[in-house]
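For reference, the chain that follows is the form predicted alone, supplied as C-alpha cells.
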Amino acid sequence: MKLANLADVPTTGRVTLPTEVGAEAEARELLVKLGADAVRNSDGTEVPEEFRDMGLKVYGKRFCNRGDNKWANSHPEELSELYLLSRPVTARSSRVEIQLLAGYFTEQVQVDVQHEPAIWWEVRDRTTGAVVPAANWSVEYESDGETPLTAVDCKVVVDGAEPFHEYTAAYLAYDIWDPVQMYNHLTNGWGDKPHEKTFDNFHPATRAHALAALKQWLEDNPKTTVVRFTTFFYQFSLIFNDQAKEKYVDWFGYAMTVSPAAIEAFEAERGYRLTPEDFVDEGYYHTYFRTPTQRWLEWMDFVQRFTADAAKEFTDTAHSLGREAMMFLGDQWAGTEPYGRYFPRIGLDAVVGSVGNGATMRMIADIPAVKYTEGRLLPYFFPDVFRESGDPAGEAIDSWIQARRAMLRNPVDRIGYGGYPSLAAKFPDFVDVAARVTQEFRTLHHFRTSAPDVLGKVAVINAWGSLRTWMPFMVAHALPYRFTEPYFGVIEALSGLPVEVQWLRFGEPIPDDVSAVIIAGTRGTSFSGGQVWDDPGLVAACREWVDAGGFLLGVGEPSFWLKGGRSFQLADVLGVDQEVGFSLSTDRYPSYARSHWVAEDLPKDWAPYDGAKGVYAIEAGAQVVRENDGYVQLAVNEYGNGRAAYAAGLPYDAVNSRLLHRLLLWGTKADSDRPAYLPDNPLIELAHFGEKNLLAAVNNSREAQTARFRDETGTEQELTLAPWAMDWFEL
C-alpha cells in the first residue's frame, strides 16, 4: 500500500469562523490560515461590515425568545415559566413556613403570584406523600415594586402540619433572566450588559411579535445568508442557586416548557390535567435518567409537536426572504428533538451543534431531514479556556482525536468555532492546531466518498430509544456525568467502531439485521431498565433472541430488578448476577478464562473500570476473564446458539474501545485468529473503504505509534503514524 496523493485536496471551504468588531485583523488572519468560507457572530459579538462583502456565507444568530426586553417588560404575563420545588422543611409544630426562593438565584427566577396559587401550586407532606389541601396553607409575599406579577420574598405557611414531617411546595416561577445569556454574562464578565428576559412563544401575541421582529431583522440584514436560530422557544433545564452557580442542569430537560396556557391546552387535548408534581417529580425534574412515565412522555410529545409546528413559521419566514434556516442544537433546544417524529416538519436546512468527542460528532452528523450538518469544535474562544493558565491547543487536540474517529464512520458536512477571535489570536499554538484540524477535515471529505466497511449492526437499548440517538450519559458539550463514565465510554467507543448503530426502546422488536445488543447503565435508571424487567414477556423475548444466535453485552447493572431470586433478570443469559446482601451465605466457585480471545491484544496490566460492585458468576455460568477481589469485571458466556458478555464498566480510552471491538467480534462469532484491518496497537484505528480501495489510519495519541495488521488477503502490513496523525493509503 502507498500514501494517497494529497495534491488535489482543497485548502479552503467547509469551515465557519467567528468574527468580532474591534478584532478585524485577528479575524482576517484566522480566515486565511484556516481556509474558512463562512463567518458568524457569537453571543456578545457582531460580524464587522467588511466581512459581509467578502463573498463568504454570513451566519447571523437569531433568538426567538429573548433579546427584546421592551416586549418582555410590557408583557410580563407572557414571560417563560417553570415549576420549582422548594427546599424540604421539617415541621416542629403544627405550623411550618416554607421560603420558596431559598437556595435559588433571585436574579433568574421570581415567584408567579398572578396565577392563583390554590389552583396552580401544590404543597405536599413528603413523609407520607400526601397532598396538603389548599385550605390548609396560605401564601405571604412582597412584590419588588416593579413587576406586580412576581414576588421576590414569598413563603407558604402550612397550618395543621404533622410535627417532624417534611413539607415542600411546588410553585410557578417566571424566568426573568435567560439562563444562557446569564451563563455567558457571568463567564465573560459582561457587567454592563442588560439582563435579557425570556418570553414564551406559546402565547399567540408573543409569537406573532417574534415573527414580525424576525422579518424586520431579515430586511435590515440583507447580507446575512444563513439564519442561525439559537434555538427556538424553550430553554433546557438550567437553574442557578443563590450563589449564581448552576443548581440544576439537564441538557435534555423539559422543566422550562411550562405555562398555565400550555397546561390547559394539553388538558383539552388529552383529557386530563397535569399536576405540579408531574413537573417537579420529587425534585428530580424528570432527569432523563428517570424511566419516563406515560404522562411525561405525553407532555414531551405535546411540546415537541407545538415546537415543530410553530418553528416552521420562523423557518418559512427565513425562506420567504431567500435565507437558509439553521438550528443550533443547544440553548433553547427543548422540544426540537432532532431524532423525534416531528422534527422534519420544521423544514430546516441545517443543524449546528457543539462537538468535542465522537458521541457528539455522531449526534450531529446522523441527524436526518436536513441538507447539511455542522460541528462547532471545542474549545470555544472564551476566557474560561483562553487564559494564561489554560491549554486551548491541548484541549483542541484531545477533542479532535475523539471526534475524528467518529467522522470516519459518518462526518458532519462542515466544522467551525465560536467565541472571540481576539482571544484565539493570543495563542498561536492553538491557531496552528486549528489550521491542521481544518485541513484534516477537508482531506477526510475529499477521500471519504463512500461509507467504510462494517462488521454488522449493533442495537443500544434503553427507555428512550431513537429519541436520544448518541445522547446517553452526557451533561452537554461532550461532558459525561462523572457517575456515568463507565457507561458513556461504551457510547463513545461505538461512535468510531466499524459497526452500524441503531437505538431501540425496551420492548421494541429487534430487527433481523441486528446481530448484537448492548444494555448499559446503573440499576433503576432509564438506561438499565428498572421496572421494565418486571415484564415476563420482555425477559423471555430477550432470552429467546440470544438463544437463537444473538449477542448480548451488559455493562454495569443491566436488567436489574429484584425478582425470583435474581438481581439481574437476564442473569442466566449473562452468566453473572449481583450480590445485594441476600445471598452472602452462598458459596461461589467461578470458572476463569484469563487468556480469553477478547483480551488477547490488550496490555498485560489492563483491567476494566471497577464499576458495578458485587457481581459474581452464577453456578454453571460465565467464564471470568478479569476480576477484582473476587468480583467480576469482565466475563463471557455461551447461551444456546448465542453468546453474552458482561463488563462492570468501560470508560472510554483506546484499550477499552479495542476491548469493545473484540467483544463484538467474539459475540457475533467473527473471532478469527487475526481479523482483517484490526491493528495490534489499540492506539491506532483503521477504516477500510473496500469500494474505493482506500484505507484511513488514525493515531489516537499525542505520540508516534506503529502497528501491524492483516489486509483482506491475509498479507501482513505495518505502518507508523506521527503524533495524532491521520493518513490515507491506496491499497
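From 1 onward, residues are counted along the sequence shown. Since the structure is predicted, the reported quantities are computational estimates derived from the model, not experimental observations.
What follows is about the form predicted in complex with a further copy of the same chain, which we do not show.
Interface residue remark: Val123 is not counted as part of the site for a further copy of the same chain in the model of the complex, having no heavy atom within 4.5 Å. Contact annotation for Glu264: none of its heavy atoms lies within 4.5 Å of a further copy of the same chain in the model of the complex. In the model of the complex, Arg92 approaches a further copy of the same chain with a heavy atom inside 4.5 Å.
a further copy of the same chain in the model of the complex is not approached by Leu321, whose heavy atoms all lie more than 4.5 angstroms from it. Of the stretches 249-257, 458-466, 180-188, 646-654, only 249-257 has residues with a heavy atom within 4.5 Å of a further copy of the same chain in the model of the complex. Note on the partner interface in the model of the complex: the residue among Thr293, Thr586, Ser74, Gln216 having a heavy atom within 4.5 angstroms of a further copy of the same chain is Thr586. Proximity to a further copy of the same chain in the model of the complex, defined as a heavy atom within 4.5 Å, holds among Glu97, Asp384, Glu116, Glu619 only for Glu619. The candidate spot formed by Tyr481, Val580 and Tyr639 is fully in contact with a further copy of the same chain in the model of the complex: every one of the three has a heavy atom within 4.5 Å. Residues from 270-298 that approach a further copy of the same chain in the model of the complex with a non-hydrogen atom closer than or equal to 4.5 Å are Glu282, Tyr284, Thr287, Phe289, Arg290, in the order they occur in the chain.
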